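Let's start with one chain on its own, the form predicted on its own, as C-alpha cells.
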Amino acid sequence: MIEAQGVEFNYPAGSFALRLTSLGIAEGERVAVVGPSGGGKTTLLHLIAGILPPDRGRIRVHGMELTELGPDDRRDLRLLKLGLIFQDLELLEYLDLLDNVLLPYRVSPFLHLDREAKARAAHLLEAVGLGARLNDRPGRLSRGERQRVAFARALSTRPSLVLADEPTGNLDGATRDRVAALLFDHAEQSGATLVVVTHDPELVDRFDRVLDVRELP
C-alpha cells in the first residue's frame, strides 16, 4: 500500500528535516505512529498523502508514484482512495454537518452522490453521536464535535487507506471508544490500511505495528 525509498524533506530555513531511508506498509496493515511533538509525525502523514512533496526520494501509494503525479492527480487520489483526518479539520462553515461529510462527493467528478452516499453520511454522523445535528453548522460545535464530523467525512467514501492525526485526541472516554471502534470496524470490514498518529496508549495496543518517528529506518 505504501512504499518510500530515500525520502528527504526539509522545511524552509532548516527548521525541521525528515529522513526516511526505507519504509513499507502492507495493504490492510494497521500502523500506529508515535513520537514527541515536533518529531515529524504529521509531516510523515502529509508526505504519504501527497500534500507535501519530498525534496528527494520516491513515495508510492496504491501503486502510484506520487512524485510523478501533478497536484490535480494527487488531489484525485486523496479524494478517491484516502480518508484524511488532520488537526486543521477543514470544515466549511457555510455547509451543514451532512454536507460537510458529503463534501468529497461534491468536489470530485469521480464520486457519485446518490441516495446511498447520503444515507451512509447520515449513518456515520449517527455513529459518532451527531445524528440529531445533521442540519447544524460547524460554528455551533465544540472542537471535539468538529473532529467527529471530520472523522465521519474521512470514512464516507469507504477509503482503502486512512491517514489520521490524533483522531481521538479531543474526545472524552466514551466518545473516544466509539470513534476508535468505528475506525477499526471500517478496517476490518473493508480491509483498509490504517496509519494513525496517536499518544493514546490504549489505542496503540490495537495496532499491528508501532512506528516511532525517532527510529525511522
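Counting begins at 1, following the sequence as shown. Because the structure is predicted, anything quoted here is derived from the model rather than measured.
The same protein also has a form predicted together with a small molecule, omitted here; what follows describes it.
The closest non-hydrogen atom of residue 170 lies beyond 4.5 Å of the small molecule in the model of the complex. Within this chain, residue 40 lines the site of the small molecule in the model of the complex, having a heavy atom no more than 4.5 Å away. Contact annotation: residue 191 falls outside 4.5 Å of the small molecule in the model of the complex, judged by heavy atom distances. Although the partner is absent here, residue 53 lies well away from the small molecule in the model of the complex, with no heavy atom inside 4.5 Å. Contact with the small molecule, judged by heavy atoms within 4.5 Å in the model of the complex, is confined among 64-72, 156-164, 171-179, 29-37 to 29-37.
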